[in-house]
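Next up: a single chain in C-alpha cells, the form predicted on its own.
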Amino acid sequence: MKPSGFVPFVHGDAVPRRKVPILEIAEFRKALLDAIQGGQRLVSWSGHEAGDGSVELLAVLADDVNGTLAAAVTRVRDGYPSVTPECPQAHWFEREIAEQWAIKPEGHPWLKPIRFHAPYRAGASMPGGEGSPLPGVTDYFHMEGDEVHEVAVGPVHAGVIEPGHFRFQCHGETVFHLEIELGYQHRGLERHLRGGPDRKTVHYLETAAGDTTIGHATAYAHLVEQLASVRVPSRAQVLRGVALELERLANHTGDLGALAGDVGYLPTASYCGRIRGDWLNLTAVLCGNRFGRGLVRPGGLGVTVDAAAIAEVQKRLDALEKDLTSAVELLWSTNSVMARFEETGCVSRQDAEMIGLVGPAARASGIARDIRNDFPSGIYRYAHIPVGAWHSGDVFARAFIRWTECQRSIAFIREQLSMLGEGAVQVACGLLAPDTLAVSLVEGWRGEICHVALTDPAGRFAHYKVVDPSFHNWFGLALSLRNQAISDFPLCNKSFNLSYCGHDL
C-alpha cells in the first residue's frame, strides 16, 4: 500500500533528495497517520537544519508486508501538532526532536528530554524552562493515594551495568507505572558522523552499541554501498551473515544464562556464561577480535578469512551446539524456572503493535517481524532463516524466542560455511552519490537497526541518523511492569536486555 504523500522506494535503492517530497505540516501529518493506520511503521524520524532558520523533519516508514520503504519531509520552526496521541510509535521520536531542535509538538503527552543536552539549533533553547508547561529534568509521573509510594533505582547500580534511572509508582508491591530515564551516556555520535565518511566513521559505528558491533557496522556498510553503487562479493556477503549470526548467538546465549541467574537457577547460568565466551571466540577466529571489530567494511570485509579459520569454526560448531542445547533445555524442564518465567512481564500483541516493538520482543508478542525476511539484504536475499513468533508476550516467550533463534542461526552458519566458495572479499567504494537519501535496515540480535543518511552536493554526510532497536523497545519494558510485583523488575529487564549507550548515542 502506497502511503499518500510519501515517496516509496525499495530497500537498498538510494533516492535523489529532489524526489523526496517536502510537505506542509498538515499534509505531512495526515499522510503519516494515514500510513500508520494502513499498517506502515515509523522506523526513523529525525531533524536537520534547512538553512533558512527552519528544521527539516525527515520520516521513514516501512511496509513489512510488501517490503517497501517510504519517505517524506516537512519543515517547521517553533512547533507543530503532535502525532503521538494518535500514533504512540512517534512518542520517543518527538521527544528527541523537541530536545535537539527546540521544536514543540503541541499536545504531546509527556514532552520530557530523553538525553538532556543543549539544542543543536544555534541560539535555541529547549521549549521549557521556568514557567513552561513542559516537564524538566527532575519531573516525573506521580500518583497519589493510600499506600502509594515511589521507588527510585539508579542511575548508579550495584554491579557492572550502564547508568539508567528507573522510577516506579507502586501501590503496595504492585507497579502501576515505570518511568525510564536515560541519557547519561550521551556521546553526540550522530553529530560526529556529519561530514563523513572518513577513517573514523566506521569506528564510531562499531561502538554505537558495543555488543552490536557487527550489526551497526553492517548497516553502515550497506548504506555506503547504496550511495556508491557497489556490489559486494558473494564470499564477503556470506561471511558478514555468518558474523551477524555469531553475534546473535553470543548475546542470546548470554541472555538465557542471565535469565536463569535472575531466578536463581545456576546450572544454566554458569554454562551459558562460558558458552557465550565460546561464541565470541568464534568471531575472533574469523577476524582476530571477539566483538568483530575490523571485520565489516564498506565494499566487503576488512580482513581476509582463510580456509583454516573456516575449518576451525566448523570444527567447534557441533560441540557448541550440543553444549548449548544441554544447558538451555534444563530451563524448560525445571518447574521452578517456568513458574517464574510464565505470565511474568506480559506485553500484549496490541500494545506491541501500538508502540512499535522490534526484534525478539516483538516476536515474543506474536508479531513475525524480522528484517532478514521483510527487507533482506546481502546473503539474506538468497538464504532464508525462518521467522519464529510466540503468543504470550511474557518472559518465557522472550526467552523461548531466543532459543529458537539460536537453533536457526546455527543451522544457517553450518549451511553457509559448507557452501562457501573462494573469491575476493573486498571491492573499492568510490565517491558517494551527491544530494541523495539512503536507508539501511539490518536485523541485529536485539532487533531492527536503522541507519539513515542524506548526502550534500559533494557526496558527504549532511545528516546521519542511527536508530538502535533499544530506541523502540525501552517503552515496552515499562509496559511489561504494569500490574507486576516490583520484585519482577530484574527479570523483566533482563528479558528485554536493552542498550543504554545504543539509545543515548
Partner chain sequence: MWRELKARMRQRYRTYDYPRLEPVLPVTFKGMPVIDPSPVANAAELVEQCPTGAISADPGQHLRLDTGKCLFCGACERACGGQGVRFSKEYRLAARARDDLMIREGESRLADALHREAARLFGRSLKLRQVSAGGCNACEADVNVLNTLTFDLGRFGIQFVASPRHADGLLVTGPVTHNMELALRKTYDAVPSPKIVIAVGACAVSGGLYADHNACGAGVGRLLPVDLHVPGCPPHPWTILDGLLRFLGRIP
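Positions refer to the first chain, counted from 1. Computed from a prediction, not measured in an experiment: that's the story for all the values here.
Heads up, the form predicted in complex with the partner chain isn't pictured, but that's what we're talking about next.
Heavy atoms within 4.5 Å of the partner chain in the predicted complex are found in one stretch of 419-427, 380-388, 199-207, 77-85, which is 199-207. Though the partner is left out of this view, Gly188 does reach within 4.5 Å of the partner chain in the predicted complex, counting heavy atoms only.
Ser333 belongs to the set of residues with a heavy atom inside 4.5 Å of the partner chain in the predicted complex. Contact annotation for Ser229: none of its heavy atoms lies within 4.5 Å of the partner chain in the predicted complex.
In the predicted complex, Ala284 approaches the partner chain with a heavy atom inside 4.5 Å.
For the candidate set Tyr140, Tyr120, Phe176, Tyr184, a heavy atom within 4.5 Å of the partner chain in the predicted complex is found for exactly one residue, namely Tyr184. The single contact residue among Trp279, Tyr271, Phe375, Phe396, judged by any heavy atom lying within 4.5 Å of the partner chain in the predicted complex, is Tyr271.
Along 316-339, these residues reach a heavy atom to within 4.5 Å of the partner chain in the predicted complex: Ala319, Lys322, Asp323, Ser326, Ala327, Leu330, Ser333, Thr334.
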